[in-house]
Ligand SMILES: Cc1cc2nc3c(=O)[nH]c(=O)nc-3n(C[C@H](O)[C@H](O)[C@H](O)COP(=O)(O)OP(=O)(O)OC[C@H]3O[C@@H](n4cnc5c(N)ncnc54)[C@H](O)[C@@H]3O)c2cc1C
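The chain that follows stands alone, in the form predicted alone, written as structure tokens.
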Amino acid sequence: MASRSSARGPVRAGAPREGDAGFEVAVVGAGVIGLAIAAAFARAGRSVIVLEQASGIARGVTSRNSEVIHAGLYYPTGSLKARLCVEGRRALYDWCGARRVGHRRLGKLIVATRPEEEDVLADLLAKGRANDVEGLAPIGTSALRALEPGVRATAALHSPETGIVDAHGLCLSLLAEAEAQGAVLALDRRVEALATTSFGWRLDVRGGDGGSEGLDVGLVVDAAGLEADGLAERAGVAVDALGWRQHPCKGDYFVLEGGPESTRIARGLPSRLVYPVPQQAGLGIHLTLDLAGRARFGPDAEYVDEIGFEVDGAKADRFRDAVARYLPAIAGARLSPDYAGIRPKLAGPGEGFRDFVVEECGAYGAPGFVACLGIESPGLTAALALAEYVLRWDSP
């Protein structure tokens, strides 16, 4: 996507004046987080450049998520994930409504398929209410049958504030806002090295043609997604010592295979999102819907050593069986691979909850470098609130 003010030629900030940098803020990464942050700083009157190594916006983590707007009930009360999810969700619905970004407040059911899972629903209800999530309500089998006849469960939790959004449309709207306030998008630009200076940072930026040049900025915001820990390390932050190393965790999605039988099954699927009780590394293989009404099933959670997005078709039967526990109509269906995404998780295999890291790193030897690490779900939902949180390091 070519932006009106995108910098595809040389990135030239010019020689900094005394105490001034070519740009006041450099945001590294043009996914939903980076663009939201850029728009917030630009609105605050700062000169902003967004550096993106791809040839278009939102081609990394943002392009491969479920596009779900989460309500905020999964995360420990007081955590950044809880606070920013709830604040961000409210802001996101307002933003999308005002700017005509595609979205729908569908609602979600979290279902227990065995009596022993019902305690998890009770815990989620208590946590959600403590997190100020609106409208949560437990549902028994009779009410569930009336609400969604195709769902089988011993109990359920209804989250009416959950929804879906056009993630790329959201990113386009954020870019438009940032550019309207004077921000510059520089595509095909990778930050190879960073060094502190008297005025902030000197960035060594490599262009798509292989050439490189220096860029002077006052503040660096690391919104580099899967590469955010590597960028922080290049800035001199002791990522491993701080426990900030990201662990890529892949999730595959499947869809109903084409054909008359699949069409019949699809017509009988619920009109809401349906999730099982959460698993350790994710939220379980669930039913999501896109804005066109197409059903997707996933994701699973598999830690990987290499970044790759091929979906393993051999998982189809396992996905179908997992979903059939709460959607019996799927039991005889055939599933086909759809797409895969990779989460930049801070929690490694077998580890418990890890919160977002959103910190200015002056205490870690990198003053004026703001690290945004481990921005997995609910990062899309939290983006606008996270941007306001980062803005507190704005220095007039």
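Computed from a predicted structure; not experimentally measured. Residues carry their position along the shown sequence, with the first being 1.
There is another form of this protein, the form predicted together with the ligand, and it is not shown here; the text below is about that form.
Worksheet item: Which listed residue (Ala224, Ala153, Ile110, Leu203) meets the criterion of a heavy atom within 4.5 Å of the ligand in the model of the complex?
Response: For this set of options, the contacting one is Ala224.
Worksheet entry | in the model of the complex, the residue from Val239, Val220, Leu289, Leu231 that sits within 4.5 Å of the ligand by heavy atoms | Checking each option against the ligand in the model of the complex, the one that comes within 4.5 Å is Leu231.
Practice prompt. Using a 4.5 Å heavy atom cut-off, indicate which stretch of 329-337, 362-370, 40-48, 27-35 touches the ligand in the model of the complex.
Written response: Result of the contact check: 27-35.
Worksheet item: Looking at the partner-bound form in the model of the complex, is Val357 within 4.5 Å of the ligand by any heavy atom?
Response: Because no heavy atom of Val357 falls inside 4.5 Å of the ligand in the model of the complex, the answer is no.
Discussion item. How about Pro378 - does it come within 4.5 Å of the ligand in the model of the complex, if we only consider non-hydrogen atoms?
Written reply: Because a heavy atom of Pro378 falls inside 4.5 Å of the ligand in the model of the complex, the answer is yes.
Item to complete: May I ask you to check whether Tyr74 falls inside a 4.5 Å heavy atom distance of the ligand in the model of the complex?
Response: Tyr74: no contact with the ligand in the model of the complex.
Worksheet item: Does Ala295 make contact with the ligand in the model of the complex, using a 4.5 Å heavy atom cut-off?
Response: Close contact is absent here: in the model of the complex, Ala295 is far from the ligand, nothing within 4.5 Å, heavy atoms only.
Fill in: Within 4.5 Å of the ligand in the model of the complex, all of Val61, Val191 and Ile342 (non-hydrogen atom)
Spot residues vs the ligand: full contact, yes.
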